[in-house]
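Here we start with a single chain on its own, the form predicted on its own, put down as structure tokens.
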């Protein structure tokens, strides 16, 4: 559980007895207290520790520095730091003038401690509120440095953004490609906002998250009673996106049958609900996205080439975060401010080592991983400075370690299996053929070698397919012979 810092009250008074009275009162209420005897010492101490101060409670008449001078100097260092003066009854008018100079409040001696506590708590709330407003303004300012709140200044990122801006006014289908977490949907929404369809709906669906039969119903809709469970008619997403944009994420995972139907929709601009004969005209712009290399998918007969050309009238490639290092810290700082506000965290800035960590991390999960890492660091941080230790191990490191552990176990198991059959993955193994007086055909040799490779890899078919340089579908077909 995150532990937040104690509220920090600074007491400035040359009377040691008064110092101790106020200090004892606040320490008994779980405040952190710092004590100083004059204004000059207080100002010097602020340079070292001022970021943790919440409220200053000061005597109006300080040695070598009047209240007005002290107020001006402390607010030069920290304009938002509340100062509460304690004045003698005959100095109340002067204390009131200090409020005009920026002091938060004043109390008259003798100190009524419940009133002092209320004044301190209110000052802290006001300071927090002002800080939140400042942070929120900075978040808005940061997020608007690039058009429509997209943060980025690296040349390759700005080049992709320029393409998006230029094609937005058109009706052309756009294929957005890039690694997972690079912000493909962010670009799709930006294109929608910059297009003449901005007043229409933006509908997004992840094609890999819904089974094929249900996905067809989601996209095209269905008639009442068209299948078990269809108790009423359903309007599909193509119709819901009328006069707007339909974003098809992970388009590379569409089944062959849905690929054929989508191709027809793109050609004819008409759809037919499941269980109906009536065709309905649609007017939705299609933006699709995938992290897969569709050229490879086409070569492996997993994706239709004609659909690819229909979808990618305008190809848009989003660079990975490791290729846009200039954008890492602006993004991280924006996330820091946002999550600090959302979680009530004291985290306000990154340490030098934390900045080095952010800039040197490969961020295989791209912007999404960076965002999650900063959120975790903000939640774990107990002070204004976010340190490297606050980031903790990344989720990808955890997954990588788990995968490595599983692969090692599988490798050990395969080695045991191989050693029992005369094979050893570490080396010194043979691929033997037994002749019965006739030379085997090339097909027989190929078949036996594939079976040998599967056994060699301990039954790991994906690894075997990679080792043999064939796709998984081909391997599975050969194993079924």
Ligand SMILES: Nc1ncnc2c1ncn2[C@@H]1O[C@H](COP(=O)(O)OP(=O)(O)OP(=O)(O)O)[C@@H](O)[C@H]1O
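These figures come from a predicted structure and were not determined experimentally. Positions refer to the first chain, counted from 1.
Here the subject shifts to the form predicted together with the ligand, a form of this protein not shown in this document.
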Please tell me whether the candidate spot formed by 200, 268 and 282 is one where all three residues come within 4.5 Å of the ligand in the predicted bound form (heavy atoms).
no
If the cut-off is 4.5 angstroms on heavy atoms, which of these, 305, 326, 185, 353, is the one near the ligand in the predicted bound form?
185
Looking at 363, 238, 157, 104, which has any heavy atom no more than 4.5 Å from the ligand in the predicted bound form?
157
Heavy atom to heavy atom, is residue 390 within 4.5 Å of the ligand in the predicted bound form?
no
Can you work out whether residue 335 and the ligand are in contact in the predicted bound form, taking contact to mean some heavy atom pair no more than 4.5 Å apart?
yes
Find out whether any non-hydrogen atom of residue 73 is located within 4.5 angstroms of the ligand in the predicted bound form, and reply yes or no.
no
Going by a heavy atom distance of 4.5 Å, is residue 253 a contact of the ligand in the predicted bound form?
no
Since the chain is shown here on its own, which stretch among 95-103, 213-221, 174-182, 379-387 would lie within 4.5 Å of the ligand in the predicted bound form, judged by heavy atoms?
174-182
Give, in sequence order, every residue of 363-377 that has a heavy atom within 4.5 Å of the ligand in the predicted bound form, or say none if there are no such residues.
367, 368, 371
